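This document opens with one chain alone, in structure tokens, the form predicted alone.
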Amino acid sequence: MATGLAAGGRRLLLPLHLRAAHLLPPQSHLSSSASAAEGMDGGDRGGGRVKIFDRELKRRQRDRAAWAMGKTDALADAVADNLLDRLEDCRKAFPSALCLGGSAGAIRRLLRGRGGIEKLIMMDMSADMVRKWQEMENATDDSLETHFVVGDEEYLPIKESSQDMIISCLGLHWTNDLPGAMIQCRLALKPDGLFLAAILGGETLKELRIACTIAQMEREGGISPRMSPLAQILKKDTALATAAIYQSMFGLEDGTIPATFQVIYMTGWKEHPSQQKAKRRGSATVSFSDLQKQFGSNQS
């Protein structure tokens, strides 16, 4: 976002029995297929990008998440509500909005008229997840026009300058090219459009990372990455040792095991002539030394 991107981090500590399922059911009565949604483009599937995450594997995981998705989720609710709370500070309305993957269902369910959205496009790389959203939308009765798109955040199939707002809740951290995905979001925004995002930070599941490291050192004599992107499978004895260490180091008296989720929130605006701009360097008419003389340097 050319006018600046503000990011803030927040840590959520939840017991592991409040598992973080990805999405929550939306509530709306209008739905239509991807082909009916305006502002669509063919997308650019160019290569040359570093592959950290297997996007096909992520799609299959999203398919499974669609079938296992519950009615509520403590983590998704908390993050989505914190993200949408930023709209309370905006007087501007955003008639058209694009919601990208992740916990898009939670965003839709908790939207409650915030942001003045009239048309919402919900996009996910999983066709099963999109179908799940459609089923849930048909059972609701609000008047928000909702469209559904099967698409990948890495190759955003949205026309340039077509959206007033883009929201991504707990999804962009799985892209292989996060800056590239954000650039595509910027291009899809109209001038003075708003970008809101929440991604998981590096402190997420630190307890599990510590337990995995200790178990591997004890059982295998070395360590390797076990957290996202989870490229390898733990051996059975190492997995059992990890669970035992996790319980002994972090387990609570009530039998639950805490898990830390660090959430990084981002807010950005696409450039527009009406936005405030910094003055030209050297254009100040009052120097800091003059201010120091006027207000004094010995004030406590």
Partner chain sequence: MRLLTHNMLASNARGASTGYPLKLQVVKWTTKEAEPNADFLRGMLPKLDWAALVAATHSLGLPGLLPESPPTDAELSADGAADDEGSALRRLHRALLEIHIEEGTLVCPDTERCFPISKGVPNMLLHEDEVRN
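Numbering follows the first chain given and starts at 1. Please read these numbers as outputs of a predicted model, since none were measured by experiment.
The next section is about a form of this same protein that is not shown, the form predicted together with the partner chain.
Of the stretches 83-91, 211-219, 166-174, 126-134, only 126-134 has residues with a heavy atom within 4.5 Å of the partner chain in the model of the complex. Taking the partner from elsewhere, residue 112 is found to have every heavy atom lying beyond 4.5 Å of the partner chain in the model of the complex. In the model of the complex, none of the heavy atoms of residue 195 sits within 4.5 Å of a heavy atom of the partner chain. Of the heavy atoms in residue 206, none are within 4.5 Å of the partner chain in the model of the complex. The partner chain in the model of the complex is approached by residue 59, whose closest heavy atom lies within 4.5 angstroms of it.
This chain lacks the partner; the member of 180, 191, 202, 95 within 4.5 angstroms of the partner chain in the model of the complex by a non-hydrogen atom is 95.
Contacts with the partner chain in the model of the complex, taken as any heavy atom within 4.5 Å, map within 145-182 to 145, 146, 147, 148, 149, 150, 151, 152, 155, 156, 157, 158, 159, 162, 163, 164.
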